[in-house]
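Below you'll find only one chain, the form predicted on its own, shown as structure tokens.
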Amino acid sequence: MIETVELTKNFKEVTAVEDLTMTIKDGEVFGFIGPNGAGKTTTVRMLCCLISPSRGSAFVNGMDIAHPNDRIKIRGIIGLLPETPGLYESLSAQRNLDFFAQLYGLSSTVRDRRIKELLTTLDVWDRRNDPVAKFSKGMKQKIAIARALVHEPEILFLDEPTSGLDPQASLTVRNYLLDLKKEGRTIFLNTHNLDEAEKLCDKIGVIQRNLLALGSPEELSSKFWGKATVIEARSLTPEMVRAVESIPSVRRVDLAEGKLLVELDRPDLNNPLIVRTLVERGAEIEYVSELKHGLEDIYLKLIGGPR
């Protein structure tokens, strides 16, 4: 579990993160989204014990990031993919991973097994003996991901894990993260890829120095827009719209292009009444679905669009 309480980081006159309070449960995939400079990377650096907070507190698996002994223990149970790969470019992919695996105290047998597993999964095994300097940005990113996972950490911090990867490689990484999720691994993911966050994450935090929102994609959608039903039908008339508007649980009705958008309380209970009302007046129902707002809608509502 990761817990923060009023976690704050100042850099001279600039406040990068302010009063961050949240909890990430064991086994959750948490996505941190926000614009450049919003405080995502600074938060990860504090939680990984790379920098100290200016005030507030944070705990990783019950260990205090401000306590010297706990900081050492935290570093042993986490894996970190930073913004930049930071690999030894004169060494091969295999030797890079072997070096870092030794730092974590893995035996030679375990090191060999883990390195082969990771490089095979990430489709780099055939290039294992090549110097990293010869790799593309995307290939280096794969090696950095493997390095973060080589010691099978309990908690994984990933800062833009698919940055620089082509669509096929990005899919490979996302599928691997889904496998880790099934294993119950806790993952903290910084990303600008909202579609990726929506597919992977159990919980989303939207940050712009302060935490603007926290919850599952479904909870955030419901919080900012409420419940709405979309009804597609033939032969919709203004009289039908008025009949739906008269239903006590309905708060708003819009008709456009053969679709009826109905904002209402308790759709699970009241959708059948709306459908029955329309059918009794001659509407030919084609589809009934829930209106869902994606993370892009949530992000733009909180952060704002282009200026």
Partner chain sequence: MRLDKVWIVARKDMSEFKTNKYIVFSLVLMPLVMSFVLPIAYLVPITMLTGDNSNVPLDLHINITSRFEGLNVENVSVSNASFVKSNLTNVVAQSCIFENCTLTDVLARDSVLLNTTIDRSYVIRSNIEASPRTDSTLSGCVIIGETSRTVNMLKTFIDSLLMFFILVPVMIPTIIASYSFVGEKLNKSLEPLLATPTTDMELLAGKSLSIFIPSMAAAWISLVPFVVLVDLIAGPVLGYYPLPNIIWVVGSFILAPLFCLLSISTNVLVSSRVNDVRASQQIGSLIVLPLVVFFVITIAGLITLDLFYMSVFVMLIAIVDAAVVYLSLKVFRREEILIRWK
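Positions refer to the first chain, counted from 1. Because the structure is a prediction, the values reported are computed rather than measured.
Omitted here: the form predicted in complex with its partner chain. The next part is about that form.
Though its partner chain is absent from this view, in the predicted bound form it lies within 4.5 Å of a heavy atom of just one residue from 100, 125, 225, 135, which is 100. Of the candidates 209, 203, 75, 174, 75 is the one whose heavy atoms come within 4.5 Å of its partner chain in the predicted bound form; the others do not.
Contact annotation for residue 52: at least one heavy atom lies within 4.5 Å of its partner chain in the predicted bound form.
Not displayed here, its partner chain is approached by residue 80 to within 4.5 Å at the level of heavy atoms in the predicted bound form. Proximity of residue 192 to its partner chain in the predicted bound form: non-hydrogen atoms within 4.5 Å are absent; the residue sits far from the partner.
When its partner chain is considered in the predicted bound form, residue 230 lies well away from it, no heavy atom lying within 4.5 Å. The chain is drawn here without its partner chain; in the predicted bound form, the stretch among 114-122, 174-182, 87-95, 215-223 whose residues come within 4.5 Å of it by any heavy atom is 87-95. Taking a 4.5 Å heavy atom cutoff to its partner chain in the predicted bound form, the one contacting residue in 131-164 is 147.
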